[in-house]
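Given as structure tokens, the chain that follows is alone and in the form predicted on its own.
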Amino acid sequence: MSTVITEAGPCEVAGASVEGEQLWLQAADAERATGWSLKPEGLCQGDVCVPVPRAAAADYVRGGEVNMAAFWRLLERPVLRDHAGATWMLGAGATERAAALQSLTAPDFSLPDLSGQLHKLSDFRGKRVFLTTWSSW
């Protein structure tokens, strides 16, 4: 069992095969986790299709499986995994991140208050909100 996290959220995938830095998913699981589907013309999402490089096709597709980590890197998007390969983060590309920053709209998220009650940022839309963060690094 592996967890694949994208901008759309986490997705549990039972049939994932992890080989070092490679994440092989059944085509149906890849589509469910990422929104990208395997078609004869390549990997597609909506009207956008990215051809699988012919010279290295075996690095991207084998049988009914798709190497989503390799594909994500082909799209020049960040790929992170935990040491065991059980959790994978397939991040947004630089173009999407830049567009989000220019919109000046924070993405929605939820956090508990000190009493444990969950609050969503979207609950405060239209109101002034002060967000502060802290990190030890």
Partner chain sequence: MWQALFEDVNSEDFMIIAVAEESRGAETAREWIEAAKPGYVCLIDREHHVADLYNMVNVPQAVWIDEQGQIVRPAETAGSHDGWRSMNREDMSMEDDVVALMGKAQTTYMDAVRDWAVNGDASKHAFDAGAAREHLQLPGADVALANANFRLGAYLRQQGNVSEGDEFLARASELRPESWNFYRQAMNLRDLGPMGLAADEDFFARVDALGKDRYYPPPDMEGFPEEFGFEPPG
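Residue numbers count along the first chain shown, from 1. In this text, rigid core is short for the largest set of C-alphas that superpose within 1.5 Å between two forms. Fair warning: this is a prediction, and the values are worked out from it, not measured in the lab.
Unshown form predicted in complex with the partner chain; subsequent notes refer to it.
Trainee: So which of 62-70, 102-110, 45-53, 28-36 is the stretch with heavy atoms within 4.5 Å of the partner chain in the predicted bound form?
Mentor: This holds for exactly one stretch, 102-110.
Trainee: Is there a heavy atom of Ala14 lying 4.5 Å or less from a heavy atom of the partner chain in the predicted bound form?
Mentor: Ala14 lies outside the contact set for the partner chain.
Trainee: Mark Ala58 yes when one of its heavy atoms lies within 4.5 Å of a heavy atom of the partner chain in the predicted bound form, and no otherwise.
Mentor: Although the partner chain is absent here, Ala58 would stay clear of it in the predicted bound form, with no heavy atoms inside 4.5 Å.
Trainee: Answer with yes or no whether Leu75 is in contact with the partner chain in the predicted bound form, where contact means some heavy atom within 4.5 Å.
Mentor: No, Leu75 is distant from the partner.
Trainee: Report whether the minimum heavy atom distance between Gly20 and the partner chain in the predicted bound form is within 4.5 Å.
Mentor: Gly20 lies outside the contact set for the partner chain.
Trainee: With the partner left out here, which residues of 65-97 have a non-hydrogen atom within 4.5 Å of the partner chain in the predicted bound form?
Mentor: Sequence-ordered list: Pro78, Leu80, Arg81, Asp82, His83, Thr87, Met89, Gly91, Ala92, Gly93, Ala94, Arg97.
Trainee: Fitting the rigid core first, would the Cα of Asp108 be found 2 Å or more away between the shown form and the other one?
Mentor: Yes.
Trainee: Would you say Glu21 moves its Cα by 2 Å or more between the shown form and the other one, aligning on the core?
Mentor: No.
Trainee: Comparing between the shown form and the other one on the rigid core, is the C-alpha shift at Glu12 2 Å or larger?
Mentor: Comparing forms between the shown form and the other one, the Glu12 CA shifts below 2 Å.
Trainee: Compared with this form, is the Thr6-Leu118 Cα separation smaller or larger in the predicted bound form, the difference being 3 Å or more?
Mentor: Relative to this form, closer in the predicted bound form.
Trainee: In the predicted bound form, do the Cα atoms of Phe109 and Leu75 sit closer or farther apart than here, given a shift of 3 Å or more?
Mentor: Closer in the predicted bound form, by 3 Å or more.
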